[in-house]
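Below you'll find only one chain, the form predicted alone, shown as structure tokens.
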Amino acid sequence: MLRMKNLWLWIIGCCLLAAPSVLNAQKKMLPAEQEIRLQYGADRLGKRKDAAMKQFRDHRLGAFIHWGLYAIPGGEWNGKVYSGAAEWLKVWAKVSADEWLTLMDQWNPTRFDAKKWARMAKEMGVKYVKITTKHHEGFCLWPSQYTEYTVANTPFKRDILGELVKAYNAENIDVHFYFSVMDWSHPDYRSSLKTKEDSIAFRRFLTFTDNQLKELATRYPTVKDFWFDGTWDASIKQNGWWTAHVEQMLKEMVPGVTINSRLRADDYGKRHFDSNGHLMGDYESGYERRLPHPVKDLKVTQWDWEACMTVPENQWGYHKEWSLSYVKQPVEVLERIVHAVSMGGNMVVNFGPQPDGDFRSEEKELAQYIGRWMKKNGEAIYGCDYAGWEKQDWGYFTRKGDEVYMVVFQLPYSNRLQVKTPQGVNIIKATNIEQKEVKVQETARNEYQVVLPASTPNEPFVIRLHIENKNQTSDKYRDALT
């Protein structure tokens, strides 16, 4: 009996050990994804294919403008300088909304010139500009009829947003609207909905927000994109229906308009990506002051995405003391731009105008540096995409059709740049940006060296590779013996 009992225990144990394998086998037999039924999830799988989205993608380089009342104190309140982001000074210094909004009495940017701003962007080589129509503080750069907190009620009075739209469009630069849903000035805004009264108030707030968005789309119909922010609070996540409604509303009002993923929340409060893992909105906008991980996040090539960056470590709006944080050199900014494009994304460089309406000298120098480089080498950025080639230490690859661009930031002592091509891809020849041929040597199977002349530019430069796909019938190389 004891032997029989032990035998049954052994059989049961084996069955239990096998159970996970059986379950896994059953799981593998099921569809790849068990989709959750969602009413407010993604409305599309994969990239948008229309002309407006292609234009957004091909532009690759944009600028961000963070300008609002926060530029006036510039990170300082009652004699104390706060090192945090200047546009959040109201929070750092614990300033009431009423006191903060009295800054409107000082809003008089006498050096503001929309045409000069547009020329600066044009010379920098950006193809679009994102403008903060309204940041978290609630102050509007256009004369909104739905709030008193606008430029119309300041000493300056002029429609700043309207002037900028006209000036940028005149330079053939697309205008994108940043819009903060979170609004510290509005009495009905709630970060969370704890009571019935909260829900009623927040419903009024959503109607107010709808009206402001309709106003923007109607007053400025050339807008190409709405970039939403301030959508992380529980109150928004509990109203995923509204985020889907806003996206649909704006796309009906402005044909071809693009909407960032930061707006959206699904039925269960998932943001950017819905509960099934599908991107909501037209492009991912979660990369703020960082880029996707070059290995873990390389799936980003499956959808459109955009990163945005500050020049100081963490300042979007104007701060008096840039010296309080790390400030990037122009070549570092350029490298971030190239790196983004090499992974199939767009990069937006931020500027924080001064309270007088001008830009600080460092920002002007940055724009000039990027502009000079783009004027010469822009073909390696505009319209380019992820090449799919193994990254090398000297820099980055971008691709456009049958041309792959090497953007070189680190020059080795030997002046020989290692290149590894995917299987079946051959390099026909290499030229520099002036179309002068550069020597290429095949060194191993799908491995080449681009041999640079002794004299090379003293800044990042571009080598153009002309390639072909070829099925090799014979292989002259042997694998290493290990």
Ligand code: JFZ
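Note that residue numbering begins at 1 and tracks the sequence as displayed. This one's a predicted model, so the numbers in the text were calculated from it and none came from an experiment.
What comes next is about the form predicted in complex with this ligand, which does not appear here.
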Answer range among 74-82, 169-177, 351-359, 130-138 for contact with this ligand, defined in the predicted complex as heavy atoms within 4.5 Å: 130-138
Position in contact with this ligand when the complex is considered in the predicted complex, options 232, 268, 241, 326, heavy atoms within 4.5 Å: 232
Residue (of 107, 88, 112, 409) lying close to this ligand in the predicted complex, criterion heavy atoms within 4.5 Å: 88
Within 4.5 Å of this ligand in the predicted complex, all of 202, 237 and 264 (non-hydrogen atom): no
In the predicted complex, residue 402 touching this ligand (heavy atom, 4.5 Å): no
Exercise: residue 66 in contact with this ligand in the predicted complex, heavy atom 4.5 Å: yes
This ligand contact in the predicted complex: residue 288, any heavy atom under 4.5 Å: yes
4.5 Å heavy atom contact, residue 283 to this ligand in the predicted complex: no
This ligand in the predicted complex - contacting residues of 303-323, heavy atom within 4.5 Å: 316
